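Heads up, the chain below is alone and in the form predicted on its own; it's given as structure tokens.
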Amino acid sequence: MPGMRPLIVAYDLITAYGEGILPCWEGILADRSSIGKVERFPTQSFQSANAATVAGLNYLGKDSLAIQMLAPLLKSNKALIPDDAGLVLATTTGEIDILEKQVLEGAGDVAQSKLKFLLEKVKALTGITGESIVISSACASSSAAIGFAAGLIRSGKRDCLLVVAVDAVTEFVFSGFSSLMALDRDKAKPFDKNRTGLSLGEGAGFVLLMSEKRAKKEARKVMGEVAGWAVAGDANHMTGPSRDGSGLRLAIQKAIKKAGMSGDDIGGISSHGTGTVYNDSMEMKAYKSIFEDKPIPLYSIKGALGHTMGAAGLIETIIALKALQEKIIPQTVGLKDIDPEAEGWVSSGKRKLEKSAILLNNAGFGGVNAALVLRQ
């Protein structure tokens, strides 16, 4: 419908590279990983000692790690955000360090770690008075949230929504992934034949979506369009993806169809690319079943800034929008020896983006798969 296209008109983020898109983008293109030794809690009992953490945060301090990332980010961008916007908050564990503080130090109120309280804090930081909701769908949370917001705009139910995403590296989160034996002892190497696991990361960000009609009325700068989106489940395992990639394949096919496109229109793939053996293999099976013998240039940023969990899809959306702007497919940081299954698809060097659309996908525990099609 005319005027109902969901457009991204503003964004910002903070990652282990620092504040803003430029440090992150330049770090990736320089093939420089932000993953390093964790200093905020002891790691000797865990599978790894490394993660990508944001400098200057005070662990188990007055404010949660999530708020320490979100507060400066949202306050500095408050003028961009209309008070009547709807709010969608995406996170996996939110302020889980409030619970940790009570368990480890006997201080604070465990109930305050509930996601509804983080949602209220985000509303206060942004000044938003409209409707709000939390979407917590494991590591597909923020890509699912962007799709949810885009759907409300295309249907005409809303003309402006702010999607905020955040997740932090805490001892609880770190110990959980370590107990699953999912961590690389050094740094994640997505799609590398010697990959052994993921590296955790943390970050926060937002994207502001508007209908085309409202964006024109307010003379907003358009960063890109959420042209297609979909979520699908594979019901395979509590933590493991379907080995044949069936759930991800369904999400991708639906997202491309919703965008009114075909596989030939996709110029690049921002993959989930965690660096675990099963995830990367599952993704390649899904891609090959859709694009067949036409390899699409794909990349993963998780060797650069770690797996930011519920925030991953939103951070990857911002980087994909930058890739569309610069006409560059960034390299997969950490990739040295390409797995034969990914040969011809991934690269350790940047490549030229030849088309105006990028497919982005994420997969999460419980078998949830989300896909977005972003168009310049």
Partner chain sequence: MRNNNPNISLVKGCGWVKEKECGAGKDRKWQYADPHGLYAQLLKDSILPYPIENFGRFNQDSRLTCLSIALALYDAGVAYSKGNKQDIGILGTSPDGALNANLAYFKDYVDAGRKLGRGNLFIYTLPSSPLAEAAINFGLQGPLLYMRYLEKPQENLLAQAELMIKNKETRAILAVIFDTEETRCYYLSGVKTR
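Positions refer to the first chain, counted from 1. Everything numeric in this text was worked out from a predicted model, so none of it was measured.
What comes next is about the form predicted in complex with the partner chain, which does not appear here.
Peer 1: Every residue in N50, M282 and G349 with a non-hydrogen atom within 4.5 Å of the partner chain in the predicted complex?
Peer 2: Checked in the predicted complex: no contact with the partner chain for any of the three.
Peer 1: Of V169, L161, A144, V226, which residue is found within 4.5 angstroms of the partner chain in the predicted complex when only non-hydrogen atoms are counted?
Peer 2: Of V169, L161, A144, V226, the residue with a heavy atom within 4.5 Å of the partner chain in the predicted complex is A144.
Peer 1: Which pick from A232, L73, L80, M261 sits with a heavy atom within 4.5 Å of the partner chain in the predicted complex?
Peer 2: It is A232 that has a heavy atom within 4.5 Å of the partner.
Peer 1: If you check in the predicted complex, is F365 within 4.5 Å of the partner chain, heavy atoms only?
Peer 2: F365: contacts the partner chain in the predicted complex.
Peer 1: Is there a heavy atom of A107 lying 4.5 Å or less from a heavy atom of the partner chain in the predicted complex?
Peer 2: No.
Peer 1: According to a 4.5 angstroms non-hydrogen atom cut-off, is S132 in contact with the partner chain in the predicted complex?
Peer 2: Close contact exists here: in the predicted complex, S132 approaches the partner chain to within 4.5 Å, heavy atoms only.
Peer 1: Taking the shortest heavy atom distance, is S113 within 4.5 Å of the partner chain in the predicted complex?
Peer 2: Contact with the partner chain, yes.
Peer 1: Work out which of the listed stretches, 118-126, 187-195, 217-225, 268-276, brings a heavy atom within 4.5 angstroms of the partner chain in the predicted complex.
Peer 2: In the other structure, the partner sits against 118-126.
Peer 1: Could you run down 122-160 and flag each residue that has a heavy atom within 4.5 Å of the partner chain in the predicted complex?
Peer 2: K123, E131, S132, I133, V134, I135, S136, S137, A138, A144, F148, G151, L152, S155, K157 sit within 4.5 Å of the partner.
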